[in-house]
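What follows is a single chain, given as structure tokens, in the form predicted alone.
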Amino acid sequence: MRRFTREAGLWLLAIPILLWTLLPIYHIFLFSISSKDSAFSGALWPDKPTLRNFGTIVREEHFYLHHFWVQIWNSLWIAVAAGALTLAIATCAAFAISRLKVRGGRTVMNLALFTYFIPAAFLAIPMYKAMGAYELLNSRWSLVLAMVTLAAPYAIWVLKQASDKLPYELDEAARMDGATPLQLFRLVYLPLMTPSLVAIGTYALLLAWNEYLYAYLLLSHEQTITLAVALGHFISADDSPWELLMATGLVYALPPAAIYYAFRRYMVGGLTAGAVKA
């Protein structure tokens, strides 16, 4: 009876939270299948639902959507590049600190984590000046490097904690068999770290995909901006096409949702690996 009461209480708490979470998503979907005239009718379902808004997006028929496919490609390119570069840097750094015991590695890692004491928004202007000094403004690489800078310290810390949990006997056995550090990294370390690597790569990719402030500052041309910045243009109009904005936002949300659900079994375990030690 006590177990039933506890589970019933959890369900009573979970259902309102779930509905509250899904309500904004439902309204986005509701706007996306409504016409301009019926978008603000207040009905729970439009009288004449339509997919015309999605057709407008695909065919780039609206002024703010003239570069839709280019901008979503920019978002994808930047996200994948930032995720791959963050993963490469963090993996090598964590391996060097945790397995090779590089002198001063832990100190460098802890100092890198201190960057999170400063809100990322405060670093936007210094980052803008730095990219301008290196003539990288309005280049997709400027946003990639900015995202790697923000994601790498946390990624190194997570992978280092996960790496510490691996038995050192595996390293010793590999060295006794004549394995070099590179072979140890490739044949022992990487296969055992796969869940954490997938989680960190997904984290960095989604961080870059959803970034707005740095993308707004570092990219300015219609051919180089991300779709997240392009979505902000809709709000600048006096008569904003909200139905198109919501439809575009829904399309923009589909790739990260698909990526998350594809790797969800790695996410929790990978991001929390080593956080609690026995």
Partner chain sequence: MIAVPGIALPRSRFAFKSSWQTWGAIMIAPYLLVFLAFVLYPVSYGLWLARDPASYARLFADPIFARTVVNTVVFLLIAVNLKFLLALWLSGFFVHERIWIRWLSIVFLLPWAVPSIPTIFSIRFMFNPEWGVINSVIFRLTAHDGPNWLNDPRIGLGLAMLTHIWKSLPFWTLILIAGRLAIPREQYEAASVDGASAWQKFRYVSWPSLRTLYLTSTILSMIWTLGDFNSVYLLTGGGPADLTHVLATLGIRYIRLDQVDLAMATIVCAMPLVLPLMWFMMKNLSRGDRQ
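Residue numbers count along the first chain shown, from 1. Because the structure is predicted, anything quoted here is derived from the model rather than measured.
One more form of this protein, predicted in complex with the partner chain, exists but is not displayed; see below.
J.: Which one, A162, I156, I78, L197, lies within 4.5 Å of the partner chain in the predicted bound form by heavy atoms?
T.: Spelling it out, the residue with a heavy atom inside the cut-off is I156.
J.: Taking heavy atoms only, is S35 within 4.5 angstroms of the partner chain in the predicted bound form?
T.: It does not: once the partner chain is placed as it appears in the predicted bound form, S35 has no heavy atom within 4.5 Å of it.
J.: Test of understanding: in the predicted bound form, would L217 fall inside 4.5 Å of the partner chain by heavy atoms?
T.: The answer is yes: L217 has a heavy atom within 4.5 Å of the partner chain.
J.: Tell me, yes or no, whether A253 is in contact with the partner chain in the predicted bound form, where a contact means a heavy atom of each within 4.5 Å.
T.: Contact check for A253: yes, within 4.5 Å of the partner chain in the predicted bound form.
J.: Is there a non-hydrogen atom of P46 within 4.5 angstroms of a non-hydrogen atom of the partner chain in the predicted bound form?
T.: P46: no, not in contact with the partner chain in the predicted bound form.
J.: Note that the partner chain is not shown here; using its position in the predicted bound form, name the residues of 3 to 28 with a heavy atom within 4.5 Å of it, in sequence order.
T.: Contacts from 3 to 28: R6, E7, L10, W11, L13, A14, I17, L18, W20, T21, L22, L23, P24, I25, H27, I28.
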